[in-house]
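What follows is a single chain, given as structure tokens, in the form predicted alone.
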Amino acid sequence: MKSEVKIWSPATVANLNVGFDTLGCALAAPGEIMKLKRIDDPGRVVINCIEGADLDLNPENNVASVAAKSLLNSLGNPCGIEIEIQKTILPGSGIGSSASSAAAAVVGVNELLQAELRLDELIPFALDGEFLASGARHADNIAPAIMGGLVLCPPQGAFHVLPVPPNWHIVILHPQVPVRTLEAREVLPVHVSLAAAVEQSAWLGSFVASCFEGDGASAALALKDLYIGPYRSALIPHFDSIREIAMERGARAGGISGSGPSTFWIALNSDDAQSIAEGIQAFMSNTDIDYRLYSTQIAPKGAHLIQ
């Protein structure tokens, strides 16, 4: 076993409009760092410090420690683990803050103990941490945070890593306003029409086919959101204005990341992505809302060991 490891873990975009609770991707930026150290106290997990966010140090109330302990227990508790977290993905951002921490924790334990579990085998343990944060075991943030790339999560069976659409450049806007996952779910309709369900499933099929065909433009075109975004957009400050700016400056698609408040906007070249970011920045600078803006792409790797 190693004595200490350092893990980088990505932010994620879940749903991607067309795949509610089933589709997600890892982002090349932002990402955060977690250090895990072996201690001589079998089965004990301790959070030593958290930088960048005001989160609970109690190991029973933190997604990273819960995920780490779940995996550690399954491996027979050969040691204890001390965790240090450097948060850059803010909680409540809608870009997978809790998933990034849970992913880093289980990848870190796997590396620290040299357990040699496959990435997909780590997902159930990370979901134990994610459940603490969201009350659900949806893997659309966790799976890409661990496996990297673009991942389709079926109700049962293996996770599917899809070919990444070529030439995708993604602009992420995180307005720093609270949107609780529970609140975002409460605004969703209990029932949708058969016509809407059929059309949405057809767009999801078109998206998957476009990924395998290597057609980035058609994949972006397929990102329709017929029964989630229209209800949640009212929770996102200036959503309609941001959408208009992004589309005018070359975005081929966009929408709400996870339950918000972050939004994502997809361009097919770096020049359009830069123009979108500049337009959004100019607009947001005239509001009274703090925000973070990222220009990024889909990360081929999920949480992984760094030096």
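When you see a residue number, it is the position in the sequence shown, counting from 1. Treat the numbers as computed from the prediction; the structure is a model and nothing was measured.
Only in words, not in the display: the form predicted together with ligand HSE, which the text now covers.
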Looking in the model of the complex, any heavy atom of T181 within 4.5 Å of ligand HSE?
yes
So in the model of the complex, is ligand HSE close enough to S259 to count as touching (4.5 Å, heavy atoms)?
yes
S9, heavy atom within 4.5 angstroms of ligand HSE in the model of the complex
no
Is R185 part of the interface with ligand HSE in the model of the complex - any heavy atom within 4.5 Å?
yes
The stretch from 251-259, 273-281, 64-72, 37-45 that lies within 4.5 Å of ligand HSE in the model of the complex, judged by heavy atoms, is 251-259
Looking at H138, K87, H174, H169, which has any heavy atom no more than 4.5 Å from ligand HSE in the model of the complex?
H138
Taking ligand HSE in the model of the complex and a 4.5 Å non-hydrogen atom cutoff, the residues of 19-48 making contact are F20, D21
